[in-house]
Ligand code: 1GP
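Take a look at this single chain, the form predicted on its own, given in structure tokens.
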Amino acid sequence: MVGMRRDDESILAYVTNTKGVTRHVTLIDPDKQSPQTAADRACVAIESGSSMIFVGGSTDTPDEIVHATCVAIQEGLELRAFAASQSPDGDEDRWKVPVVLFPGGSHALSPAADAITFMMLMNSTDRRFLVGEQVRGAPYIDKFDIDALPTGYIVCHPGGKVGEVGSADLIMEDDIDLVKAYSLTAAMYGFKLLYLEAGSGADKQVSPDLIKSAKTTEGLTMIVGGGIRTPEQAKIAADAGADWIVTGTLTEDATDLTDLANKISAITTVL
């Protein structure tokens, strides 16, 4: 499987070269729908303004399901790109977006992905999420020859399932200095991405004050997810300094593909 890599830049460059514009990521949990449904949703997401697809989320999804989902999404994007190349008005590059693993652990990998968010859950109290899963997964990532995106991952209140499973010492809304210290640590470790996460399906998003504080550290591309379902919430995160906005529950809650297109378009329009 040939991933949808852009010829002129690496996946990391694509993710970090935001040029001051906040972009949108659609997160697809392979455990929540069939591979074909995932592919249909991914294509609608890109058509509606998303600039990247994350595949992952559930902590216990086996790698064969993750792989089948990645393959289906790549095939769907390739078909759309081919169709665009045959049309005088088609934009083939529109469909050349990265399909990136957002794994719950070293078991949720696929050679069909373009890249992986190679994350340290920085505020976990469990060694497994600081370096353990990474050590288990690194040989497979190397074998698959997919790009590793060095990511500092910080779970903020309310944290949701990821905070519970990841044994996270949650960052509270008023932990302004602490999140700044974490962002500095991430930069000093050489991470290129910093992901502030409120938790899948969270009832509130990451505090804009936390985003602003972390954003003052140079050299980090800021990803923010969890609890974002509306254009207003997306704009709050973007205005605070988020370079990428991630939505996942929004996709799962859409009644059909038309509803999904409308919801994603509403968010990408305000970014």
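Note that residue numbering follows the sequence shown and begins at 1. Nothing here was measured: the structure is a model prediction, and the numbers come from that model.
The form predicted together with SN-glycerol-1-phosphate (1GP) is left out here; the points below concern that form.
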The one residue among Val55, Ile46, Val246, Ala39 placing a heavy atom within 4.5 Å of SN-glycerol-1-phosphate (1GP) in the predicted complex is Val246
Going by heavy atom distances of 4.5 angstroms or less, which of Ala202, Ala234, Ile211, Val66 would be at the interface with SN-glycerol-1-phosphate (1GP) in the predicted complex?
Ala202
Pro35 within 4.5 Å of SN-glycerol-1-phosphate (1GP) in the predicted complex, heavy atoms:
no
Check whether Leu27 has any heavy atom within 4.5 Å of a heavy atom of SN-glycerol-1-phosphate (1GP) in the predicted complex, and answer yes or no.
yes
Does SN-glycerol-1-phosphate (1GP) come within 4.5 Å of any heavy atom of Phe129 in the predicted complex?
no
Whether Phe191 contacts SN-glycerol-1-phosphate (1GP) in the predicted complex should be assessed with a 4.5 Å heavy atom distance threshold; does it?
no
Contact segment among 193-201, 109-117, 139-147, 178-186, judged by heavy atoms lying within 4.5 Å of SN-glycerol-1-phosphate (1GP) in the predicted complex
193-201
Scan 220-248 and write down, in order along the chain, each residue with a heavy atom lying within 4.5 Å of SN-glycerol-1-phosphate (1GP) in the predicted complex.
Gly225, Gly226, Gly227, Ile228, Val246, Thr247, Gly248
